[in-house]
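As structure tokens, the next two blocks hold two forms of the same chain, structure 1 and structure 2.
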Structure 1
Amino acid sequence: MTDLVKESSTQILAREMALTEQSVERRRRIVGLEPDDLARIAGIREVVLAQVDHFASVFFDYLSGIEEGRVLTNNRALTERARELKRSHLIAMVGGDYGRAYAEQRLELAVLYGRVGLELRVFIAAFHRLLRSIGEAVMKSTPQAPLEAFASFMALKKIAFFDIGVIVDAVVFERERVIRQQQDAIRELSTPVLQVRARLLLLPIIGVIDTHRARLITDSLLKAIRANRAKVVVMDVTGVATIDSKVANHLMQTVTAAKLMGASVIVTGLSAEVAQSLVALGIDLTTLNTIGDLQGGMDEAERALGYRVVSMDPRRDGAPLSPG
């Protein structure tokens, strides 16, 4: 049962990573695997197969020998599974078939490393140890022809780098999954349009603005302008981390659309960094009515609507509620 689930999760990962026949073919080309190499690998096949257990032990002994490797080796059950996978990996490395199925098998180990939090640099170091011991065995097997042995080992090394490529990509992909999920969550955040006073709306924007979300924001703002008969809108972008030309364009469109419906827009909360990057990018927002912070924007909006906020505190009689 668990095997079935594991199998399918590897397949899902392969699909998400777009690990197709074509992309695997591309990966083979990137490491420079040629038909010659396949013949050479076949030549050293017996040497590797004879000592599979020894090579696997080199890998795991290295891991258990260093602090960073113990996240895996301290977990007996997972280590057993990893050892098993590593053995079949070594057998497959000299198997001669390096298609999609081969790449997919590498994913399971990658997922396992990712789950225990094995650092990639530690994995690569251990894998290097393993390759070195294979290299030694290959060299010893044909002492009379060292150049031939070296060429065969280099052919196998291409497969090894192919494997590292797949595993590194898979671990990074898994790690970035969290980031992708969070980005989706931010994108899905709703954007409320709040009525602060009669005819005054507040539109706080938080998170990432893309075309889809910009459309939703504009849409809900325009509907709210009509429903509340708003004349002034304060759009606060404090929560927008970065504004590039695309985002600026979206904001401009929202402002222009609101203007067509007879509402003027005050943009607030452009941070110093954002303002500087807009200037550096040469994006002209001078047609927008911008005010430093939300408080200033609300003051301005209230003034435009004819409100005057007065403190009820006698000590500050008649003074505006806001300082300055």
Structure 2
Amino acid sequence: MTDLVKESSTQILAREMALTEQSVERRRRIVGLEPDDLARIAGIREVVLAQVDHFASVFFDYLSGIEEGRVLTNNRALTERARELKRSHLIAMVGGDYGRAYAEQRLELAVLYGRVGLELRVFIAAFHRLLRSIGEAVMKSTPQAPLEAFASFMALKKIAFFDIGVIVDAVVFERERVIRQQQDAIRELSTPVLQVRARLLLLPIIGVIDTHRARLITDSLLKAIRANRAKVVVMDVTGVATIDSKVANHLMQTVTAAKLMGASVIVTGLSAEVAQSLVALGIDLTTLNTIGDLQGGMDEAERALGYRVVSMDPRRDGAPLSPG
């Protein structure tokens, strides 16, 4: 039986970003990497490899020298890991192989930077210092041929821009994913569908309802009806101050869709303002089952399910005590 290989976080990120050999090739074309550039980079390989540790130090010395960079350098364990990755990065920069595996190495750095909250502008500034240090070393290595040395450094700079593109895209992608997750969590909290008892759901709606949120309410409710095999839903709108025509029509469609799935909907808590607005908008409410308040709606829902509502206090609502 073939063993399943667990994907690393970097591999998952590469897959989600659609970082394929084809997309990496497009990135190489964007920065203008040509076969002549590969030959020039090979020509300065030894210069870079001889000073890898120095170049890495230039990068991290800059970060440790500014407050924004110390979010990384103050963490010793992560700094050591980042230094190790940066050293591997520099070696790979002059390695001549710039395929998907090379791009994934850049993602590992991006994940680390994102984890500590290193700002992109700070990373780019530190990377610029590193490149300037490499450029100076390359120019000094062949003083008799400055133009050739400059062309070799410019070829390497194409790889540097390739790297920056991958890292920036990865950091932005990760941040956007976190934002999306937070938004999804907020939406779930803003449209909770609660199971009160078997076959009975409660959907309390609070706050402003726009078209987008109305659509989310519909999706959440219909999924909950199916998952819980619900027969009755109490939709409480006590906390809704106003409803426009688009939202009203969408909620009516929600009620209709729920009926098609075998669940009846009881709407409770319509305020006087919302009721007047719905009438003024000409919304057809003849098929809508409405109850004044949430308690009355829950009682009606339980009766619809065959439950008998009995007060624990026989004197409630002025009811006389039953004979002894």
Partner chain sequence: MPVPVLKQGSVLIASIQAALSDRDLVELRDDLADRVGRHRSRGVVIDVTALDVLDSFATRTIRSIAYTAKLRGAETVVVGIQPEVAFAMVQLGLSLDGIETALDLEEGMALLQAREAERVG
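Superpose the two forms; the largest set of C-alphas matching within 1.5 Å is the rigid core. These figures come from a predicted structure and were not determined experimentally. Residue numbering: sequential along structure 1, first residue numbered 1.
K.L.:
Please let me know, 1 or 2, which structure is the form predicted alone?
P.N.:
That would be structure 2.
K.L.:
Checking N228 here: with the core superposed, does its CA move 2 Å or more between the two structures?
P.N.:
Passes the 2 Å threshold, so yes.
K.L.:
Superposing on the rigid core, I want to see if L78 changes position between the two structures - specifically a Cα shift of 2 Å or more.
P.N.:
L78 C-alpha, core-superposed: shift of less than 2 Å.
K.L.:
Please say whether, between the two structures, the C-alpha of A301 moves by 2 Å or more once the core is aligned.
P.N.:
Yes, because once the rigid core is superposed, the C-alpha of A301 moves 2 Å or more between the two structures.
K.L.:
Please report, in Å, how much the Cα atom of T242 moves between the two structures when the rigid core is superposed.
P.N.:
The alpha-carbon displacement, core-superposed, is 15.9 Å.
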